[in-house]
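Shown below, as structure tokens, is a lone chain in the form predicted on its own; questions about how it binds or moves come after it.
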């Protein structure tokens, strides 16, 4: 039987450091974080509320703006105002955006200096070219959960299942930067086990319930589940946890990377806030 690894302990430590850092600055205002929701997606509304409640505990002022009938022009105008607002340090646009929204226009407009989830072209380019920047929180959480649980990355074979700009691609680049040999898999990578079976680490973020089973992983591998799917009113991941645990170490979607994603969003917000308070110009 394999071991379950969690991210909560590391997340708690990160958030404690952020809380202490905010208090230490003793600034005239708290860090300001703005969350934009386009539409009525229940998962987006729930997640935004979770961030807001957690932010209150850490001393971060979180405001939620929901566009129930979203239009690209309305959201663009609102983001332009946030870019100019000196009390707003971080902006998070909840994904996925509705099909009628021009996401390229939204992220082209969003200030890279306030983009706390690393989705603007500049921040994505900085990641891909190995420069400093603000990087996607979930991908950062994947690295943190591996490192905090003593999972060696350097020299290991890694299979990343999923190629989104928020998780798959940035996670692959961060793993590559830590000297892993990385294979990126997607819907056309068939059969999937041909690409995952030899991997020491398997990161799964495809949005397909229990896509990865024991036949996809080797004995002793480490499997990081980042998939979120609602099945019969329950949240399940992309990994068949109980079956895969018989062969591998597993980080489940519940209690795994999610807690670290939230902590990394706050960490990004705090770093931007600290620069604003100290008058450090944006790079």
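Positions refer to the first chain, counted from 1. Being a predicted model, the structure only gives us computed values, none of them experimental.
Omitted from view is the form predicted in complex with a small molecule, to which the following refers.
ask   = Out of 167, 116, 201, 110, which one falls within 4.5 Å of the small molecule in the model of the complex, going by heavy atoms?
value = In short, 167.
In the model of the complex, the one of 126, 197, 208, 71 near the small molecule [non-hydrogen atom within 4.5 angstroms] = The option sitting close enough to the partner is 208.
request  = Quick one: find which of 158 to 166, 172 to 180, 97 to 105, 144 to 152 has residues within 4.5 Å of the small molecule in the model of the complex by heavy atom distance.
outcome  = That would be stretch 158 to 166.
inquiry  = With the partner left out here, check for me: in the model of the complex, does some heavy atom of residue 120 sit within 4.5 Å of the small molecule?
reply    = So residue 120 does not count as contacting the small molecule.
query = Is there any non-hydrogen atom of residue 140 lying within 4.5 Å of the small molecule in the model of the complex?
reply = No - in the model of the complex, heavy atoms of residue 140 and the small molecule never come within 4.5 Å of each other.
key: Close approach of residue 261 to the small molecule in the model of the complex, 4.5 Å, heavy atom   = Looking in the model of the complex, residue contacts with the small molecule include residue 261, since a heavy atom lies within 4.5 Å.
message = When the contact criterion is heavy atoms within 4.5 Å, does residue 86 count as touching the small molecule in the model of the complex?
response = Outside the cut-off, so no.
inquiry  = Since the partner isn't included here, can you check whether the small molecule sits close to all of 186, 192 and 227 in the model of the complex (heavy atom within 4.5 Å for each)?
reply    = Yes: each residue has a heavy atom within 4.5 Å of the partner.
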